[in-house]
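Taking the form predicted on its own, here's one chain by itself in structure tokens.
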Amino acid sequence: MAKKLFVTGASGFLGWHVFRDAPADWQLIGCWHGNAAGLFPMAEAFQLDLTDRDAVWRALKATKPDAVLHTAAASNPAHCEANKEETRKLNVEATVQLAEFCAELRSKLVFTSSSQVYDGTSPPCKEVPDPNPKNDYGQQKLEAEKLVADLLPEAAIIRVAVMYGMAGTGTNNFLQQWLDIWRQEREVTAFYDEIRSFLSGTAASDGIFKVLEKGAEGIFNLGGGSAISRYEFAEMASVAFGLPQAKIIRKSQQEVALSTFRPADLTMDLTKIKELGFVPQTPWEGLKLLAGKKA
């Protein structure tokens, strides 16, 4: 019998990939709020406001999932900075609510947190329980992590690196934006002093299902191999997609008036997730795969 997985944020970038790449022995049911266009074709999903406690409880009681994958979030750091109370309702309060319901229903909870919980000053980042987030988004995610761990010690918390890839027409990410800009013969600005463990959407989905299949508990980093700068990633992407004339402006974070704190180096220690069988892709491997199949 297939295991049932309830996915929040089904119409987001990660949700799209989870639905596309789910192993055959999982039945997925998802929810979305304001972006039905981002759903993977033929996905079984319905509209749900995760801040509506009663509606969420009814949905979980009706679906009776073996596991809940909570990917929904207000994930733009600048938006979180400008809308702290509003974004906390989804990033913290709705997350805690799901943990409470999972405890009552005895459903496994996998919560996708963020590499933004780290301050970027001591790479490689390890899964310490008390990192030092410097922006509101990271602080909200860490607060949610701690509350989930207290309520549901058997939950899995996955700190996800910055993701890239291609998804449906209703989703977007920085790589898709860059490609659109380059094809319009415009320029992209990329920082040479901002290091990330870039993670493809396909690899992110693979890592999540590794955690689910193993019934893993605790905190896990999930990122790509060979952390590089945004500028290096931009150069690789232009080559992988056959855009030799792509215009890339190389800058330092210090040269730009940033609206919120951006950690300098989020190189991830992936030892724990690799022990579950996850094999990290290098950025070049991920980009070549995307350029080859455009999906």
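Because the structure is a prediction, the values reported are computed rather than measured. In case it trips you up, residue 1 is the first one in the sequence shown, and so on.
Below, we refer to the form predicted together with a small molecule, which is not included among the displayed structures.
A residue is said to contact a partner when one of its heavy atoms sits within 4.5 Å of a partner heavy atom; Gly9 meets this definition for the small molecule in the predicted bound form. For the chain shown alone, Ala72 is a contact residue for the small molecule in the predicted bound form, at least one non-hydrogen atom being within 4.5 angstroms. The small molecule in the predicted bound form is approached by Tyr137, whose closest heavy atom lies within 4.5 angstroms of it. Residue contact check for Arg262: none of its heavy atoms lie within 4.5 Å of the small molecule in the predicted bound form. Only one segment in the set 251-259, 22-30, 231-239, 49-57 has residues whose heavy atoms sit within 4.5 Å of the small molecule in the predicted bound form; it is 49-57. With respect to the small molecule in the predicted bound form, the three residues Leu14, Leu90 and Val162 uniformly fall within 4.5 angstroms at the level of their nearest heavy atom.
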